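Single chain ahead, written as structure tokens, the form predicted on its own.
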């Protein structure tokens, strides 16, 4: 970590309080002049830092720039985190890095995606300033059939983190979407590489996109009736993105470390917004009406089709059928 990043770490850890130049110089074992130069670089990067003689430097409490340092102070797990301004897709880039040997626990976070992806080849709306977009690289020693647990545990982690930073209740639409008040606030996409001989995962990349606040002018017309955000406006979201990401990662890796016990499954079932609802099961181009009956301990969804037959499904896409005065899902 360079001097600039070390100073930013110290300022983030004392956000809103003054840290003397002498203290920074002693802590980092660098000259006062090096501190001053690094502070100026941070200011040029947009950081609101006050400098007062005999008091030192203070990072404004309202400074809301997403960074490794702003996130790491809330983390309890050791992870390799990188924050970039813009990327095509955090999952696309991280899959490339995984193939090149990037380690387990690598997390790539972007402030904007130009080609964000959802399930079934759908585009994920990922503008700058209104959401957080990140992917997690995992190297679990599990059978391919258990990869569903990565998606479902991530959904519970996101739901809990949203409730930590806001007053809003979060539910889960099987299998991978988090909802607030019948509208989608988060999408999760897990992609994996399998070893054909062992039928176990070589690696998995869990991609998560969360709407923090609505963009100026509202969501695009095609999703304005089905999308929502954690906060009503940008003012409410100040300093919350870093906390939200850290809480998601903390919960997720807690579940991951206890993977065999699947301690989150009961909560995943409890948070379901789909049980008892009329749904449409989407399998490729085929769409079939059904009733969602239950979710089991393997996170499979049991449905009853209109002809009376019942089936357990473990992958694919479902949508909740539009009801009077309700939003489509």
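Values in this document were obtained by computation on a predicted structure and should not be read as measured data. Residue numbers count along the first chain shown, from 1.
As for the form predicted together with a small molecule, it is not shown, yet the points below apply to it.
*Asks:* Only one of 214 to 222, 244 to 252, 188 to 196, 167 to 175 gets a heavy atom within 4.5 Å of the small molecule in the model of the complex; which is it?
*Replies:* Partner-contacting stretch among the options: 188 to 196.
*Asks:* Just give me the single entry in 231, 134, 256, 149 that has a non-hydrogen atom within 4.5 angstroms of the small molecule in the model of the complex.
*Replies:* Flagged contact: 134.
*Asks:* Only one of 77, 184, 97, 139 comes within 4.5 Å of the small molecule in the model of the complex by heavy atoms, so just point that one out.
*Replies:* Looking at 77, 184, 97, 139 one by one, just 184 meets the 4.5 Å heavy-atom criterion.
*Asks:* Evaluate residue 90 for contact with the small molecule in the model of the complex, applying a 4.5 angstroms cut-off between non-hydrogen atoms, and reply yes or no.
*Replies:* Close contact exists here: in the model of the complex, residue 90 approaches the small molecule to within 4.5 Å, heavy atoms only.
*Asks:* Is there a heavy atom of residue 118 lying 4.5 Å or less from a heavy atom of the small molecule in the model of the complex?
*Replies:* Yes - in the model of the complex, heavy atoms of residue 118 and the small molecule come within 4.5 Å of each other.
*Asks:* Taking the shortest heavy atom distance, is residue 130 within 4.5 Å of the small molecule in the model of the complex?
*Replies:* Flag for residue 130 set to no.
*Asks:* Within a 4.5 Å heavy atom cut-off, is residue 113 in contact with the small molecule in the model of the complex?
*Replies:* Residue-level check for residue 113: yes, a contact with the small molecule.
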